[in-house]
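Just one chain follows, in the form predicted on its own, and it is written as structure tokens.
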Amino acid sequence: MHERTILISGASIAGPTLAYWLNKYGFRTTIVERASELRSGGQNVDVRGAGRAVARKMGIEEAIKSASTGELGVRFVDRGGRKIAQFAAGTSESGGLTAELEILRGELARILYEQTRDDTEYVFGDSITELQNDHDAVTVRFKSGTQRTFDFVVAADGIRSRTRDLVFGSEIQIRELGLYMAYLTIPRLESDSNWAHWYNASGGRAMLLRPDNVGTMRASLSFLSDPCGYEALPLSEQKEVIRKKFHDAGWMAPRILATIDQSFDVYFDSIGQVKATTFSRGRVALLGDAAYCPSPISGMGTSLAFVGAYILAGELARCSDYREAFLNYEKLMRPYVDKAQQLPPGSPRLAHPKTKTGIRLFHTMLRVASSPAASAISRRLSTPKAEQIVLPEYAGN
């Protein structure tokens, strides 16, 4: 019997998860990643609901727990660092702003790499430049100049997927949410705790400082803005944009900006959601953020990646016709995706007030929401809508 071959573009979360399941079903998997090595950077990600169930099926739930950031919850603070309100980390039952399984993206990618490296061919420092999507196979040309043929190709290379664009062009839209966000890693101080801290500055700006488990802190800086091309600028110019936007923001802004040139993983982009009318074309399929990015605001990106990979692999293994497999994958995922992309009311503007009066009103709302009488309600409201999906059972898993 012909051993079916699959090329996966992207070695973050969705791609290696798909490779794990495909390997179990006897496929031969190759992952191409344009970075020269496994990327260790990135912020906290949540493993929730059905995503956690998939992690349990993979036998990595305990590894994720062991690599948890240890975040205790989120505290909202004023310019002087005084606590306005706090929300403790949730559990698998209670949900909340901080999930029970909080792990750095790079740590999760490492766990998945270790699970798959013996059975998957990893090609680092290369990328797909051309695709010939034929009836019987996909011919792929790489930036390195090599050319290979695969039975299928899966684009799992993020919201700005270059592989997706080679097949779909501008057909698949990104719904911009009017928010820019910068991520970076900064040194940890003795005064830092295992609580995350959120601060609002006027002008629709916010800062979030989160603990990690590797002796540093993860910072994010966000501000309201219509898309204006910042994401396409060279990194040096992006850093200047960030400095100008936050030089007078107060709280931890001086500390964060002072280390921006030394941070190894500065990432700056506009925040959006991928709205795909279809998750496949011919022998090429989309997965994870490349197919249905729900935005970081949703807290559902990792769970969608886990669940999507599990279902796509299961359907390819179950169906003799790949076209049926791709249709089943989309049919099962579409309702889950639609719910995951339903953001909390007022997002992202509610959490980014533009005026001092707006900040005071936001703080009042937080105080009420964190009170004992309202905590159960606020926890439910802050928990993503799409935590659960009935996972199909596939033979052999």
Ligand SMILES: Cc1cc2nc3c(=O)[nH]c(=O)nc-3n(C[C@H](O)[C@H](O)[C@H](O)COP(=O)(O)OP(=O)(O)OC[C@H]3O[C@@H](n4cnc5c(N)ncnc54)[C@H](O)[C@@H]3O)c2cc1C
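These numbers come from a predicted model, not from an experiment. So that there is no doubt, residue numbering starts at 1 and follows the sequence shown.
Heads up, the form predicted together with the ligand isn't pictured, but that's what we're talking about next.
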query	finding
Proximity to the ligand in the predicted bound form, single hit among 273, 127, 116, 86 (heavy atom within 4.5 Å)	127
Proximity of residue 105 to the ligand in the predicted bound form, heavy atoms at 4.5 Å	yes
Close approach of residue 314 to the ligand in the predicted bound form, 4.5 Å, heavy atom	no
Exercise: residue 340 in contact with the ligand in the predicted bound form, heavy atom 4.5 Å	no
Interface membership of residue 22, the ligand in the predicted bound form, 4.5 Å heavy atom rule	no
Complete contact of 29, 286 and 328 with the ligand in the predicted bound form (any heavy atom, 4.5 Å)	no
Segment assignment from 246-254, 300-308, 221-229, 75-83: heavy atom within 4.5 Å of the ligand in the predicted bound form	300-308
Sequence-ordered residues of 227-253 touching the ligand in the predicted bound form, heavy atom within 4.5 Å	none
